[in-house]
Ligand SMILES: Cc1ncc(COP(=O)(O)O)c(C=O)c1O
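Heads up, the chain below is alone and in the form predicted alone; it's given as structure tokens.
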Amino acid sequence: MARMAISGAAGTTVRIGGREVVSFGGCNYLGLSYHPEVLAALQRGLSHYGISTSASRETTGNTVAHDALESAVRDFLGVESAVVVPDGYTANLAAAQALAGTHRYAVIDARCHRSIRESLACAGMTVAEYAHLDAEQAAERVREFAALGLVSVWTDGVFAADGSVAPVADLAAACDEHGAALIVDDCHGLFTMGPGGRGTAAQAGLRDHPSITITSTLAKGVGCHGGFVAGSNMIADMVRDRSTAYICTTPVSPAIACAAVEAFGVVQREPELVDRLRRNADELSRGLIRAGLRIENHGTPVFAFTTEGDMRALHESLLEHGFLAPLIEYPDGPAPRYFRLSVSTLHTRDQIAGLCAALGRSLRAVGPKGALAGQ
């Protein structure tokens, strides 16, 4: 679909074409971009630092706010070190550039985010795919490459398109067996998965695993902007020494860094935000099934489906009922075109019930019942 022009947003609603509708799109999972304490921290940061450092961090562009954010990421994830970079895409590029000098071979999930695939190509690594979520095939690829040199395995933690979750524990076991590195892009796992929202590796019981590197954005669950590479002191030093994606870029605004530090604090002070998100995800899952969809609940706040009927008509019907259910085309998704719904902590039970009721009515009006995307 053509991109929409959103003229305003507040919590769970957006304004499109002069009309306010309830949105089940985007990735602001905990609603932190609207949290009053996060907004107050942003305002303080703007007053103290202005908008931009206007220089790279390795020249004159580093601030106490950036250092504080790296400490917040490190402490929250329970890793040795973290390096903040401009965004989530850059985080994968920075990690790939850091590892390319030693790890010439990379094994990737076939539906990994394009930032992984393109970062590895830019870094000059030799890449092999394994079937989506197939840890056994991933282990075979690792064994093949391990005979040639050092290997890295790359996967999304939570796949953005449909909410499926990587078999991180099995991938880590395969990496340990062959001395490989595991890089988990946790853009959609941070603040949604694991104890207290500490991510997909923590969900798998591998929070402090020494061979796992976490890359992520600060623009989704954290509700701010920026990205990071987190893991061992060694990987952090390699990013700082080797990665031009870090060395040669202006960092995230220091005011945003202040807001992100506060967001990490909010999640630790208000763990009920994560609990509420999970309750809302379960509620939406049950409602979608009642509406007639075959939905797989991955335990994440993301749901995807297609229908055999006119999906554009279904999308427009839901808008008429006051609900934005995004119909998207996105690289490496489960289908060429599909509905991708996400729920947040801020959604009310009435809003969730309203969407599911409208979806049931619209499905009956415009075509056959839907099916889970990719099945």
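Because the structure is a prediction, the values reported are computed rather than measured. A residue's number is simply how far along the shown sequence it sits, counting from 1.
Beyond the structure shown, there is the form predicted in complex with the named molecule, which is absent from this document and is the topic of what follows.
When you look in the predicted bound form, the only residue of Thr200, Thr213, Asn92, Ser152 with a non-hydrogen atom within 4.5 Å of the named molecule is Asn92.
Of the residues Gly226, Gly223, Gly287, Pro254, just one reaches the named molecule in the predicted bound form with a heavy atom at 4.5 Å or closer; this is Gly226. Only one segment in the set 254-262, 153-161, 293-301, 238-246 has any non-hydrogen atom within 4.5 angstroms of the named molecule in the predicted bound form, and it is 153-161. Shown alone here, Gly194 lies farther than 4.5 Å from the named molecule in the predicted bound form, counting heavy atoms only. For the chain shown alone, Gln97 is not a contact residue for the named molecule in the predicted bound form, no non-hydrogen atom being within 4.5 angstroms. Within this chain, Tyr34 is remote from the site of the named molecule in the predicted bound form, having no heavy atom within 4.5 Å.
Residue contact check for Tyr49: none of its heavy atoms lie within 4.5 Å of the named molecule in the predicted bound form. Residue Tyr330 is the sole member of 321-346 found to place a heavy atom within 4.5 Å of the named molecule in the predicted bound form.
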